[in-house]
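Heads up, what comes next is one protein chain in two forms, each shown on its own as structure tokens, labelled structure 1 and structure 2.
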Structure 1
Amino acid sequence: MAVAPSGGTGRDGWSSRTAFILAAIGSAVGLGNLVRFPAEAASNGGGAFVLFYIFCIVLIGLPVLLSETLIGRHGQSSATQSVRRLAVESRASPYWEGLAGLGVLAAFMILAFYCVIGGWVLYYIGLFFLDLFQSGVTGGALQGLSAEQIEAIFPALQADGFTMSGFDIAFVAITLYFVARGVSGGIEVVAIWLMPAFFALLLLITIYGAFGGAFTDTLGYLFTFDFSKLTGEVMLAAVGQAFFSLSLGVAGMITYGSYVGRDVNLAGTSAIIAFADTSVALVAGLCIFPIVIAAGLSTEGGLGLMFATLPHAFQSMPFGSVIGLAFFIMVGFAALTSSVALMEVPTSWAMEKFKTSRALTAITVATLAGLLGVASAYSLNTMSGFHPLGFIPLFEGEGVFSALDSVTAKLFMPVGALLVCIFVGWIADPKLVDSENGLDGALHKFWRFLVRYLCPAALLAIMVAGLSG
């Protein structure tokens, strides 16, 4: 059962390096890779976005990922306490913990709308499950419905605050079940079982789509680089997506890092996590677009790409009913391993802050996130005229739901990552930092250069360019 990660502190932690890698990949791989990445790529010029995205992952995401995990591993405590400990041991102001405090808040906000989308996934799993009995195994999905009726399911769901809230609460409850059981007893169990199943399903569906779908057209679409499309806004979208996808800037990886034992090389494992996450985003593009393009449908449409266009495309495919069900189960697995990470961040913070039990803390976090989720579900329709951040040009016209997404990806995450870079690169004692990072030689110098100069400069430039439109 629970294994103290280091020094016999008695604190719960990952039972092995593999458990940590799978849980961290589980946190990184999620709706961001499967829903957000293809949608962002489609609405930001395809290849130009993809190339800049990969650039952001390698040169900004990976160094920040290593910085976050090393803060956590050094601190062996909640995200804020971990930052505070490194700050105090470096003779810097303890108020640096505020950077993790911002992250905890952002993780909570993401958790709220993430579980609403998780709820949609549950709804579609139910829909395709019931459909299997009607359409049969070999037939295409949703046989009894016209194309218009299929495309209308998603807007109808989004207009139905009550149903959305019900599925949202169900998804929050499933997440809560695992978080309440602890790190080694719940969180890593989900990752160890669901991540391998996720990879198997993703590969199977991609191979299926590659044979029946428009694979070559997709390659052209995702990998043709038209640099005239690389505007400030596209760059901000790419960096926001990179952070969202790697779970950075919201204290998530500080929290997961805090459960890692001393024997784990953080640089190597960070590289594995970033590589796996990026591969899944690209494979998700290669999984989804061929099916959509082959059915002659548009790749645009944001979230509708997954929840309206794909179900439509599954209708015309042989075995579409089975593939549709398998697809949404796969998305559900990815979403759950991420929502568990999102709930763990505020839970571990509050447990330490208020000295409360894990179960009680997790129930409180889940209840609050569920309430905010219900508000954002209703904002999609009933409160559609309510734009809390409408006075900022970047968030014009956004309701609670999309404001939570935008404000976290475009503001909290880049700012959080910038503060992490300044803290690790300039404030923290280099001896302490170097004792954790698992790097030496030229690679170590390069990482320090990235964290001290390139990442903060790039983040500032991208934020200025993106925020000024």
Structure 2
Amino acid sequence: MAVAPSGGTGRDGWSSRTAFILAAIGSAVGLGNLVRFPAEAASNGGGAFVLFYIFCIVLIGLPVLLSETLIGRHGQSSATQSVRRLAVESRASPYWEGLAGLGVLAAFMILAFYCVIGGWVLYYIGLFFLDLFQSGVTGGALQGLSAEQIEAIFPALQADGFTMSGFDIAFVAITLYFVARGVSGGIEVVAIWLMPAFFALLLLITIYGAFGGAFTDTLGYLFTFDFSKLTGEVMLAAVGQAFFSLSLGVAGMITYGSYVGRDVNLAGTSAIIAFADTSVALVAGLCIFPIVIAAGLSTEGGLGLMFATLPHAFQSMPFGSVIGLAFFIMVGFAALTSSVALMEVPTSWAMEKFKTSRALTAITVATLAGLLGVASAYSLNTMSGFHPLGFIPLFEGEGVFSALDSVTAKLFMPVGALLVCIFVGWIADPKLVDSENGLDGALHKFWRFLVRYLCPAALLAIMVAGLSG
């Protein structure tokens, strides 16, 4: 079934509905699913947090996801032009395109520091690849090193701006290769091959942890229902996790939706994407924590859990070198599918804005993102005295890396998604919206209620909490 946009535009598009679903899942699934969600669930009431998180995905994440996708499918253009077209046809101000412009800027900024993290993943893939030949298939990982030496690898990497910059540029180059080849010839290839491979590795490592790790303890750790911990602050954390997990507010789903044909039901497809993204988050905890708990290590630490604690845990496990390599390859797949989506957003926008070729536009975007990424890498140590947003109290003391992260997460993403809700729920012509969303009857009325009232309220709460924190 062809999914490429029709209408004689000659615009590149997805070759099938499956390709679009895999690409959209790849865009949403990232490091937040693999690290942040399990840690949040474990420290915030276990099963109670998980249950409320799923509730937030259904009532907040999914409605916004569908809203972004339908804007793109209707516009059949870059994110800004898609919003502009829907606004003009709704007899509203064309300046509503600014909501997508904010998302394009956010996507570019996230791309810059996200590729630095992708570079860390490449570094660890190389580390475990070399270790596999030294330790052998059956042995633990990183033999010959003490626990302190293993956990010191990550801080040492962060202190080495030159090495980080090299791996950052390498990751940007890999991302560029697929984006420059277009939607059906590049981005889709990443989705079709890497996402199934990602799911297979995630399942295999989870099965390994179930038999070789503390799987029973993990089930109790993650899914014991403790509603006493489900405070207002924890519920807000669940709302934020649901929102950020689906990569909303960065115009990514508007851009990907613009490559979808009219024969695809966006409501059903969006539900599949949200379900897959949530499933990955849940399984990630069952993949990581049995290994960590069995090694007697802490389950806290965010990125440190992935890059410091887990390598230590792999050391004491049978086949640790193999499992460690497989794990970081899996993480690399997730990081690459997300970075490709992030790079596609500003590339699509700039192609239409400046009428340039895809290859030249992608190279330009990659170059600028790479330069900003290098500054982000060095800001983690040697340029840590440079605080670009130090004049704003909220961002005082933050380097380039953390400033990019904070501005996008606390401001650009929630504001962008909030504007999407206002635009779709209140501004756009209901007839045009209804022709795209694939809903009818009571379900359609419920979705419109969520987009108009509940989602904006939740997004305002996320933004206020982020800016006041």
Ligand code: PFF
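This structure is a prediction, so every number in the text was calculated from the model and none was measured. Structure 1 provides the reference sequence; residues are numbered from 1 along it. By rigid core we mean the largest C-alpha set that fits within 1.5 Å across both forms.
- Only structure 2 matches the form predicted on its own.
- For A42, a C-alpha deviation of 2 angstroms or more is recorded between structures 1 and 2 after rigid-core alignment.
- Once the rigid core is overlaid between structures 1 and 2, V433 does not reach a Cα shift of 2 Å, moving by less than that.
- Fitting the two forms on the rigid core leaves the C-alpha of G232 displaced by at least 2 angstroms between structures 1 and 2.
- Core-superposed comparison between structures 1 and 2: C56 shows a Cα shift of 2.5 Å.
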